[in-house]
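A single chain, nothing else alongside it, follows as structure tokens in the form predicted on its own.
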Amino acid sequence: MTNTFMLYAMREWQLLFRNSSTLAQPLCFFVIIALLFPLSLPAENALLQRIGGGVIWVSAVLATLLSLESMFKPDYHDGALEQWLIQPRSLTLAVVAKVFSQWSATGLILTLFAPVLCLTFRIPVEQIWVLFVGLLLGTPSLTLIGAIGAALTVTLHRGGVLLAIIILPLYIPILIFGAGMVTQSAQGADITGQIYALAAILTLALTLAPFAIVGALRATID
């Protein structure tokens, strides 16, 4: 089972790295959105620090959403998804490997790059670590939940708008808890509750989302 998962994951990484635009677009989008706010606002440390965490979280959500539309479409167009549906191996395992590869190529990179953007908002080091932990817990949930919408819209020619309508309301709790961590930390308040909430959402997403993705793919393609 582990070998099968690694084979699926290696295949997905190879496909992702062959198409460099798939990796570059979300990161560029993330950086551009985050940099526009410091450039368009007065250079006041207190103001930038107050909004910085929320801006970076919103940028991460939108960048993740940008990467989702192409998650299953290449496999649908070349017939790989149909092969997944009829093969004897577990479709759930293939979906988990795809989601993991997608997150490691987008969400993880955004998380690692976020501390650099924090410098433009003059966010203190203590809040940078809080933001990093929040994104590390939140971005896998964003990818898992977003993959459900990507599976539901895989057969649509232009499904980006519908995908956003389906997924964005589900992202709101993650955004609230994630951005709230940075605000609470800046005020010296306890952030344990937000960490537990993000961890609980991630646990539920890891448990339920793969089966929901498989069901959506079967319903959409069949």
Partner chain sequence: MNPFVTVWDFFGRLYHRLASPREFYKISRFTTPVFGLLFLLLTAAGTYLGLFVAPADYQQGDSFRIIYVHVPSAWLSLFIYMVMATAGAIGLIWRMKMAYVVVICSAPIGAAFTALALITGSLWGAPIWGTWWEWDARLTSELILLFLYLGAMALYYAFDDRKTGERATAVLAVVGVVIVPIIHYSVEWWSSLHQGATVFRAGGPAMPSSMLTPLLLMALGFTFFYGYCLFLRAQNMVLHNERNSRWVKDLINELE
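Quick caveat, the model's predicted, so the values are computed rather than measured. Residue numbers count along the first chain shown, from 1.
Missing here is the form predicted together with its partner chain; even so, the following discussion is about that form.
- The contact with its partner chain in the predicted complex, taken as any heavy atom within 4.5 Å, belongs to Leu156 out of Leu156, Leu62, Cys28, Leu35.
- Although the partner is absent from the chain shown here, Leu170, Phe177 and Gln184 each have a heavy atom within 4.5 Å of its partner chain in the predicted complex.
- Although the partner is absent here, Leu162 lies within 4.5 Å of its partner chain in the predicted complex, judged by heavy atoms.
- Its partner chain is not shown here, but in the predicted complex it comes within 4.5 Å of a heavy atom of Leu204.
- The closest heavy atom approach of Leu48 to its partner chain in the predicted complex falls outside 4.5 Å.
- Looking at Leu23, you'd find every heavy atom of it more than 4.5 angstroms from its partner chain in the predicted complex.
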